[in-house]
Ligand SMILES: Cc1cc2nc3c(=O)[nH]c(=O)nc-3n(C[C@H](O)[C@H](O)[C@H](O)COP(=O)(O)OP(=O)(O)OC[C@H]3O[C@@H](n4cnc5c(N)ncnc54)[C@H](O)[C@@H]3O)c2cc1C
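Listed next as structure tokens is one chain, alone, in the form predicted alone.
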């Protein structure tokens, strides 16, 4: 690991100033579960590390119909939050299947996003929940949909002087339900071969009023299966419709073969898992109606 200067600002404003001063020579660290490994392996070699631990960016709160999560919120915090359990359970499922408890205690939501891995587990549920992000630089804030953040493997639109400040998720109607599924070589502590989240909103006649299918590890960035979503909206849900939507999702992805899975396997399993996720979400909708 190369030598570097370590900064521990006492406020977020101080962190933003430091990022502006050091820009592309610096990296922001929160949990460090990925960055420190990449530095050890000399994948990245920042000359300055800016630690966010003292900047109070781990908030989780609801304001004006939006859940706001600070970039330093840990996966364990997300798992323990009852409001996330109520409103965004698919995000908690993704956190629960992420590594083990010691890493979840350190790993942060913001880190999982900023790494811009195509296989990032927390991104598909956030995208399915229509999350947006707020980036801050010395010149002010910039908000954008999370889906527009990623540009390629390990690449994003974040500028050298910007820091991811918070993630915002609009509260959804009670008619909405979502399911996260992860496929890996092991049940835990594995990078995803495929991960995805399906979300559906339906009316009392089982017609789909809104649909999201967000996929990871099957393209250069996390992606939405827009054609599959469009095929569902306005239609009465059925197993045949779900099978057709799953096939469309398969046609929209551009996976690669790597050490974890072949292109062909990812294509096949995406269709299988989208079908399973949609069926599971449909069942959740039915249980909600029955209990209501």
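What you see is a predicted model, and the numbers here were worked out from it, not measured in a lab. Residue numbers count along the first chain shown, from 1.
Note that the form predicted in complex with the ligand isn't included here; everything after this is about it.
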Whether 32, 115 and 121 jointly form a contact site for the ligand in the model of the complex is the question; each needs a heavy atom within 4.5 Å.
yes
Looking at 172, 147, 191, 137, which is the one with a non-hydrogen atom within 4.5 Å of the ligand in the model of the complex?
191
Tell me, out of 211, 163, 177, 84, which residue has a non-hydrogen atom within 4.5 angstroms of the ligand in the model of the complex.
163
Within 4.5 Å of the ligand in the model of the complex, counting heavy atoms only, one of 76 to 84, 102 to 110, 212 to 220, 199 to 207 shows up; tell me which.
102 to 110
Answer yes if any heavy atom of residue 248 is within 4.5 Å of a heavy atom of the ligand in the model of the complex; otherwise answer no.
no
Taking the ligand as it sits in the model of the complex, is residue 129 near enough to touch it, meaning that at least one heavy atom pair lies within 4.5 angstroms?
no
4.5 Å heavy atom contact, residue 27 and the ligand in the model of the complex
yes
Closest heavy atom of residue 52 to the ligand in the model of the complex, within 4.5 Å or not?
yes
